[in-house]
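First, one chain by itself in structure tokens, the form predicted alone.
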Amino acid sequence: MSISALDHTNKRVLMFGGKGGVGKTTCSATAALHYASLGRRTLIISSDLTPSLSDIFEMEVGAVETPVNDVENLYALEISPDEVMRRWKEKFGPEVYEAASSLIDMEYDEVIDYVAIAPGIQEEFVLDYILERVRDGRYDLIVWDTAPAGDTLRLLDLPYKFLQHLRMAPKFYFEVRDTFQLKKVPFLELIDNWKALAREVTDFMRNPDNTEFILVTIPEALGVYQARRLVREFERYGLPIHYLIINNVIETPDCEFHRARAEMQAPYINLLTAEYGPSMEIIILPLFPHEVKGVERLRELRKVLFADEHL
């Protein structure tokens, strides 16, 4: 089985997620190369704490959308937490301070730094960035190599956690709520605007017409247990996962070490297949004898991931 069924969909964002170290960056890079090769102008974004697109593509990928060498229609971007924060402050800082300074006498950096540490700010900014790229029509598809599983799930609670953070600061909310209840207050208006923005971006990402989440794991205890928890969490939010990639599978063991590893993997593969086979497309990716990095290696993986020997 493969994820080639997604070749004919109109989804605008493909999210790859899972426990750290299971190969989601490799899988997302391969998918991005695949769709770019089909003629779809594609942007791959990594928001992992330790982004590795530069290593995968064997070229410098940074905080600017960069054409991938030797692949037409493919662009890459690595956006670190520090860069997200810098861009957030640049985009929203003056607006935040102008609104807040109408109520309280605080230093610029003090105001901005407090608001900037609100839970979900970084994820919201990345989501907002992705939504802007979708709306401006510069790309047909965005492939998102997300942060590890637990961080990815935080985006689903953004509208609530963000407002809760701001309301915990009396200077920013409670002290002015009663006094200005009947007036239009810039900072309270700003909160309402951000609340609307948070809901807008999360509603877009949670809409199955727009987004597909592809779960990546490996047939080992920690990877499998994390994957199962992630599936349950997504179900709790009414978001079914339709694609599960099991990576680094030893298919033809040829020595005692590989036979032992294959025996260890088998129960986990059987568990995932029995539990999710009826509802998900399960893709088995073999353990390759070489590192999967560079465009040519990704093209080899593409043949397996998209199950087409003619690619």
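Numbers follow the displayed sequence, beginning with 1. Just so we're clear, the structure is a prediction, and the values are computed from it rather than from any experiment.
The following text describes the form predicted in complex with a small molecule, which does not appear among the structures shown.
- Stretch 247-255 is the answer when you ask which of 260-268, 37-45, 66-74, 247-255 has residues with heavy atoms within 4.5 Å of the small molecule in the model of the complex.
- At the 4.5 Å threshold, heavy atoms of Glu296 stay clear of the small molecule in the model of the complex, well away from it.
- Interface residue remark: Val22 is counted as part of the site for the small molecule in the model of the complex, having a heavy atom within 4.5 Å.
- In the model of the complex, at least one heavy atom of Pro286 sits within 4.5 Å of a heavy atom of the small molecule.
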